[in-house]
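Only one chain is given next, in structure tokens, and it is the form predicted alone.
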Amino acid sequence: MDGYINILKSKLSPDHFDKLAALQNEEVNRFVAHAIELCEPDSVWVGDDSDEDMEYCRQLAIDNGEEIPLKIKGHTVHFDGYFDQARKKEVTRYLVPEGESLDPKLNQVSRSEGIKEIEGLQRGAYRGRKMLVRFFCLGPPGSVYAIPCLQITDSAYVVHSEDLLYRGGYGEFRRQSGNPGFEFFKFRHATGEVDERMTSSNHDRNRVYMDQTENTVYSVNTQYAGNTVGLKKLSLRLAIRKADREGWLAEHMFIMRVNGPKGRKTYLCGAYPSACGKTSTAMIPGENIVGDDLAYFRVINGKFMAVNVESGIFGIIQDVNAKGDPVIWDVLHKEGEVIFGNVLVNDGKPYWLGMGEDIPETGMNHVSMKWTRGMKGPDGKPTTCAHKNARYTVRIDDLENKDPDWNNSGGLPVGGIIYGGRDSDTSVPVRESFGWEHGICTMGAMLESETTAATIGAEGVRKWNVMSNMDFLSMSVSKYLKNNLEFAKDIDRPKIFGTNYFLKKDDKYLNGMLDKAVWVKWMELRIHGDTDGIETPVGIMPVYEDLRDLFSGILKKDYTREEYGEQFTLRVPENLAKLERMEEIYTSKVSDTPAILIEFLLEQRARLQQVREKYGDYISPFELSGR
């Protein structure tokens, strides 16, 4: 202990040393002291939850060139390196102790080897720089959901982003430090060498390593927030393990409030792979957003409850426009804190792909401070004005449509869960499962997404993504599914729904972009037993008259029997083909698959074959309903 204290006193001013000492936590002291010894900073700055410390980090990001102020007050832009524009799966690994192993599908390396490599890459990385020590909290401080987090970095941009995205955690450390078994997550990030634009230059030595035995994440030679903001998807992997030990669930889901008849409030959670409509569903006009990305589930007083882990949004900005995303558009054009990432900037104004405005021919962006249209990148490939993964970072509190109760420390009661995929020829726009197990097995476990033109590789390839959490699982698929199947089994669990906004005919979408507003209203009615449904082999579908009335009332649109018939036709061959794909995965690629999952797949196959014999391959919903 004395050794840690001596190291801390050698680099910290008395005021900053006192901030650490007030926590009375040996593990905090050890982690900070080791970072000082390893990374060798010139000085160490410790922040608390005060507005003054948050403003200090924001200004430091500007002063050191990591962020550039824009014309609108409070707006800044940050650029990542050309080769550092997204999460890199190949260098994101779990550190596994000798003699242990995770699911073979998870990228892993022995813990001793990984620690040796990451410490070699981080050794001396803070020379000539200031080491920043910040405290944050996943979930509301003071609640049963709260997970305190300690972030160490040399990047003011990282902690500025975290100030927008997460609740302050210094007070939570003070509250919990004396508790037996106090557990917190730790993150140590090093930007590495930078170029003249202050972006990480050694992209080929980028590493993101997760040490589950120590609840710690290490990252180096990267600035992209998905690799450096430890509380984002990196902490989700740690939280999934913690939830497994403690009997709750950590999910890659939004939380939204749907406003029902006579002022009724119903909360829905949804898991959608990238480009499947997740954020647009969470932000449906007329409803209220709680959070767009991460949710923790717990049973509280016999109720299924959820909390938004975050307090902000780190969203993809491509295709955000005034017509389709009025709430986000408003935030991005008014005074207040906004961090733009990897957009084009011309004369102090940001531009991005799909914004619905004319884009300048020149400006500064992730490619160059003097980008011009037609310019090729350092890899010789043509470039666009903004990156396809360009981002914005804002606070939930700055959204006009935020749910006033979004920060409730007790969580919010969940009425329904949605699993949304992307397929052009199989699933209907919306359906309800027959129950919790059926929904987990035939909607969550069978979730697929077709690749789009924005994806590297072939378009239209179906990618399996169990519950939209495949990239973030820190345990076997079978164990993860078992945890979900068994969770909250002694209480009334939420209804489960499946959505698909991308059904096509003759290469044209059968759904409008705003139709999802109708689907969630139908779910809300079903949750409260206010409307009937049609029982089909794959779940319960809406009755035509209900949708007709909802389209008229919500979108002021005539919804014809022909539209309904096309959208909700049961496509038997395609559904059987999907079952075959899933059976292949769960019998040959997933070990120890829960027996109940295979049973549900077989039962669904039998139901499909039965109706096929009676009605044929393509069955109108009117035939199934007998209307």
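Numbers for residues come from their place in the sequence shown, where the first is 1. Here the structure is a predicted model, which means the values were calculated and not measured.
We do not show the form predicted in complex with a small molecule, though everything after this point is about it.
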| property | result |
| --- | --- |
| Partner proximity in the predicted complex: residue 134 to the small molecule, non-hydrogen atom cutoff 4.5 Å | no |
| Residue contact check: residue 174 to the small molecule in the predicted complex, 4.5 Å heavy atom | no |
| 4.5 Å heavy atom contact, residue 224 to the small molecule in the predicted complex | yes |
| 4.5 Å heavy atom contact, residue 431 and the small molecule in the predicted complex | no |
| Segment that reaches the small molecule in the predicted complex - one of 70-78, 224-232, 397-405, 509-517, heavy atoms within 4.5 Å | 224-232 |
| Site check 34, 189 and 214: each within 4.5 Å of the small molecule in the predicted complex by heavy atom | no |
| Of 87, 373, 241, 349, the one that lies within 4.5 Å of the small molecule in the predicted complex (heavy atoms) | 87 |
| The small molecule: the contacting residue among 548, 252, 298, 111 in the predicted complex [heavy atom, 4.5 Å] | 252 |
